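Next up is one chain by itself, shown in structure tokens, the form predicted alone.
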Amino acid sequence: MEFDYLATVLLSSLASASILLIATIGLAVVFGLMGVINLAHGEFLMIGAYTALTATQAGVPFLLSIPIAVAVTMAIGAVIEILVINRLYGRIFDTMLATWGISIAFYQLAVLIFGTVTPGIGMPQYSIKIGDYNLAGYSLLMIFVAALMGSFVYLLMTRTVYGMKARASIQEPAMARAIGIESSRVNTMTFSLGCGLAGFAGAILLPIVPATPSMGFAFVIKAFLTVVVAGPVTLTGSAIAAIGLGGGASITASFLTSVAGDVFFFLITAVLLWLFPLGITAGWRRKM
């Protein structure tokens, strides 16, 4: 086997795993930290993509459209948390039903406003050449974006006062209130952050995945399974699971077919959950 081809496959697979991780981190924050199964995660990703697309069509540079998408999705997430999620903490099946209904509403609203087909903005035309093979430079850039995104969330949750308050508000709400932490406000901010991360993913991936009402479906199932496989150490575990599952699926697809890649993803997920019912990080001491 040619070294150039092998290097190309490995880099493209790492890029695919990074894309999965970018789409997963927001869900990891909401599900792993707050215990809320947000089935509308894919729709928040879709909202971020449409916001960035609308901004660019209005003449805003693409890079500036990304923080706009984050702000919009965070605002919508805050409203959803205050009106709906705030009343459902500790009722995991109720949060599933509520967010499932929200996802359907957002999907239908997107169809009514934008239709079922929306033009993309096109991927930046630069590539990296490895021997006889070319790799899209923007896709490879996602490796660094995923690393920066993961590092930001990790440091935010483990090295800041807000991060300590966020974990305390969920893990020990009574004690948090007793020492003066406004748990409801912190929970709103945390859920809003998870939605903002989903919006960031939709915006940054817009050149790769065009905005459509159903674009979230392509990510939410694999993102959710990645977080479940990760276990209680949500952020670090999600990074490992995304690289293993997403990268392995991409390598399998490179040598076989895309269907074989999906079969690999779901088969390995089933095996890992059979071997580690509580996730691959269940025995770790660190919890972030």
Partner chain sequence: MNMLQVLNEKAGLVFPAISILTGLALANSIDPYLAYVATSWVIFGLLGLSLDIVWGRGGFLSLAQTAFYGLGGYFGSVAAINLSFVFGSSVIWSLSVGMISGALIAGALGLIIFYARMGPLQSTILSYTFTLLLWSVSQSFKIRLGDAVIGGDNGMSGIPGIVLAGGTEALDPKGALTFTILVAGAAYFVTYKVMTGTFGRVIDCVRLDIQKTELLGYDVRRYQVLNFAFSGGIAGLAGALFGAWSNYLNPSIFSVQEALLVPIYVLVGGLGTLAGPFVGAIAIGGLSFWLGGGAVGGQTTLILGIVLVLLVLFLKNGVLGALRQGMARLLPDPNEASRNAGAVSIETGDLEGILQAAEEKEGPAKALSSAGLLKKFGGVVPVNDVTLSFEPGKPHSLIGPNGAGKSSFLKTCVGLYKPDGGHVTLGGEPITNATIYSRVHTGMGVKNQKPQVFSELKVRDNLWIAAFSRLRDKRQAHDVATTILDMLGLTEQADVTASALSHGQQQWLDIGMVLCLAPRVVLLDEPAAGMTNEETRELAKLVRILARFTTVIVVEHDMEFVRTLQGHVTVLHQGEVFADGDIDQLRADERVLDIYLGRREHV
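Positions refer to the first chain, counted from 1. Please read all numbers here as calculations on a predicted model, not as lab measurements.
Form predicted together with its partner chain: not shown, discussed below.
Asker: Within 4.5 Å, heavy atoms only: does I37 come near its partner chain in the predicted complex?
Answerer: It does: once its partner chain is placed as it appears in the predicted complex, I37 has a heavy atom within 4.5 Å of it.
Asker: Give a yes or no for I240: in the predicted complex, does one of its heavy atoms lie within 4.5 Å of a heavy atom belonging to its partner chain?
Answerer: No, I240 sits far enough from its partner chain in the predicted complex that none of its heavy atoms falls within 4.5 Å.
Asker: In the predicted complex, does V60 have a heavy atom within 4.5 Å of its partner chain?
Answerer: No, V60 stays farther than 4.5 Å from its partner chain in the predicted complex.
Asker: Is there a heavy atom of I92 lying 4.5 Å or less from a heavy atom of its partner chain in the predicted complex?
Answerer: It does: once its partner chain is placed as it appears in the predicted complex, I92 has a heavy atom within 4.5 Å of it.
Asker: Spot the stretch among 80 to 88, 193 to 201, 161 to 169, 143 to 151 with residues whose non-hydrogen atoms come within 4.5 Å of its partner chain in the predicted complex.
Answerer: Only one stretch qualifies here: 80 to 88.
Asker: Going by its partner chain in the predicted complex, which residues of 195 to 230 come within 4.5 Å of it through any heavy atom?
Answerer: Contacts from 195 to 230: I221, F224, L225, V228.
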